[in-house]
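So this first bit is one chain, no partners, the form predicted alone, shown in structure tokens.
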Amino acid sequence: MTGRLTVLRTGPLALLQDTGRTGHAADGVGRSGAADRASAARANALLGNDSGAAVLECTLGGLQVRAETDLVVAVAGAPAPVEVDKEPVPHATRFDLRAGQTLRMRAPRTGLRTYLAVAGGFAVPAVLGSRSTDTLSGIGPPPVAAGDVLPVGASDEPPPSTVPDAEIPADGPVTLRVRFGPRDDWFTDPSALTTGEWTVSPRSNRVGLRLQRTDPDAPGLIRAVEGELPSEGMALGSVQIPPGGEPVLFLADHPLTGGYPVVAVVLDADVDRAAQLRPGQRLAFRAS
């Protein structure tokens, strides 16, 4: 450990995340990791960190931290206004956070999740090879809380000459591409999923987006097959349909198995966009 950062306050939710823990699915342990993988990778890239370095995933901003040592930090993802000692700093750039200075992150204008990275990465102990917090299983470090002192690793890496792009979250309707199956034949008309718009429910979280219809005339997803489906594997981006007919789009902390039919799966390239959708935001699905 070469640095420290004290958490003064958090917003609705602040979690340590990296690229997740792989190779443990057979033991019932999911991958977890940053919900918006591209934005977390961009925050790390701005600092020359390894792409798997741990970052802070902040939901709807509200974070306030104080550097206990000289640090270099970067913010990416949902464009939350950030100040250092009340002076604004630009989004998606690296900047110094000197010992004693305070960084304050407000709620983002669009999107849901903003990523704070530090040069060297957050050096909390890894669990099963990852520093990610899995909110479904409880594996990994607990949610970050006021008073926590987060250790920071060593870094002597120069910033890269190029930084990968990450999409700025939209504030209007969003379209996600899907491939139908594997259980689209369990519905009388699976194309109801791609007809009209859905709205993100406030009951959504890192496990999944719960979706509702706001148009009472929009078609519903009606089961053609009754009875129970034996539990089967669930993938990131699966759109599962519970008995009530309102889809659940699985995100980073999704269960590994499930017993409700999956009508379609969101393309992996669109999952990061789904992770930035806010409650009340509208989305549509398009067959790919």
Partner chain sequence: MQPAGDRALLIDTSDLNAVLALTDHLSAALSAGELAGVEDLVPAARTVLVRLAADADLDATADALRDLVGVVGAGTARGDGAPSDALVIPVRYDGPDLDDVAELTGLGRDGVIRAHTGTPWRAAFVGFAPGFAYLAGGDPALAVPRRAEPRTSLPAGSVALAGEFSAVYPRESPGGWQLIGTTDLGMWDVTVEPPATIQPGRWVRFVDVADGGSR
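Positions refer to the first chain, counted from 1. This one's a predicted model, so the numbers in the text were calculated from it and none came from an experiment.
Beyond the structure shown, there is the form predicted together with its partner chain, which is absent from this document and is the topic of what follows.
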- Does Gly196 make contact with its partner chain in the predicted bound form, using a 4.5 Å heavy atom cut-off? no
- Message: Asp27 versus its partner chain, in the predicted bound form: is there a non-hydrogen atom within 4.5 Å?
- Response: yes
- Message: in the predicted bound form, does Arg66 come within 4.5 Å of its partner chain, counting heavy atoms only?
- Response: no
- Counting only non-hydrogen atoms and a 4.5 angstroms cut-off, does Pro230 reach its partner chain in the predicted bound form? yes
- Item | Partner-proximal stretch of 114-122, 133-141, 148-156, 91-99 relative to its partner chain in the predicted bound form, 4.5 angstroms, heavy atom | 133-141
- Every residue of Thr22, Arg183 and Val265 near its partner chain in the predicted bound form, heavy atom within 4.5 Å: yes
